[in-house]
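The chain below stands alone and is given in structure tokens; this is the form predicted alone.
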Amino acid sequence: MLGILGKKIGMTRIYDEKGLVVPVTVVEAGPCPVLQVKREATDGYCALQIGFGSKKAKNTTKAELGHLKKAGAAPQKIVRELRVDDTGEFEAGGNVDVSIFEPGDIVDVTGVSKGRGFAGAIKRHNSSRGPESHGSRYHRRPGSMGASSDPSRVFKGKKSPGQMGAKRSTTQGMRVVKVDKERNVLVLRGAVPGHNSGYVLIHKSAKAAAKAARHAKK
């Protein structure tokens, strides 16, 4: 689905037409230069390669500089490829901006979640704690690890302590509240994965598009 790269600015609140508080996330989105257009006839599938954020040329490889030169673009900090249904209206050297979205659109947002370090099973997996009484010696432990002689091992996937967060995460079904085309800003209802100034990918929801297509057929 067509999307755009951006940077999370932070969260705030707005009031809707009924005067109710709506928590929103403000994202600086694009404009993203189109670095390459892949088409069915030449590449076997349709996709757009877009970039976001600037970086120094000295930190860019010669191969990347040559690739960017074809599109007439400056070195990009983040480069992503998006599969699209049709690339007819896009050309290398063009831009993708927030105008692809309208208030009310349903989008999915992908980013890297906040790293919480090494966490126990209660914080990491919302496990129940043991008795708090004196002498129980079982307050915040992860729980039984399984059988004894058979199978004599811990099954894969056991919810145990470990690294929490700092992983690729996607929040689905977020609604676009406001689009500011002059300042390249999107206002999304709810929380976006990651910390402030973290990079995110915003693309139109495939589930919402499929649902709309089903209703159109009816």
Partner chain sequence: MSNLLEEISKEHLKTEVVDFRAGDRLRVAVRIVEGDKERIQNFEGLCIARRGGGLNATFTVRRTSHGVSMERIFPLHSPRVDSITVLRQGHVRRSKLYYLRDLTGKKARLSETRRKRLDRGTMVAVPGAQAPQAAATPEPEAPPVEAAAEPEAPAEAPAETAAEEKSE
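Owing to the predicted nature of the structure, the values given are computational and were not obtained by experimental measurement. Numbering follows the first chain given and starts at 1.
Just so you know, the form predicted in complex with its partner chain exists too; it's not on screen, but the next bit is about it.
**Student:** Which of these stretches, 180-188, 145-153, 47-55, 62-70, has heavy atoms within 4.5 Å of its partner chain in the model of the complex?
**Tutor:** Stretch with heavy atoms near the partner: 180-188.
**Student:** Using a 4.5 Å heavy atom cut-off, state whether residue 208 contacts its partner chain in the model of the complex.
**Tutor:** No, residue 208 sits far enough from its partner chain in the model of the complex that none of its heavy atoms falls within 4.5 Å.
**Student:** May I ask you to check whether residue 176 falls inside a 4.5 Å heavy atom distance of its partner chain in the model of the complex?
**Tutor:** Residue 176: no contact with its partner chain in the model of the complex.
**Student:** Any chance residue 26 has a heavy atom within 4.5 Å of its partner chain in the model of the complex?
**Tutor:** The answer is yes: residue 26 has a heavy atom within 4.5 Å of its partner chain.
**Student:** Within 4.5 Å of its partner chain in the model of the complex, which residues of 10-45 have a heavy atom? Give them in sequence order, or say none.
**Tutor:** Read in sequence order, the residues that approach its partner chain (within 4.5 Å, in the model of the complex) are 10, 11, 12, 13, 14, 15, 18, 19, 20, 21, 26, 28.
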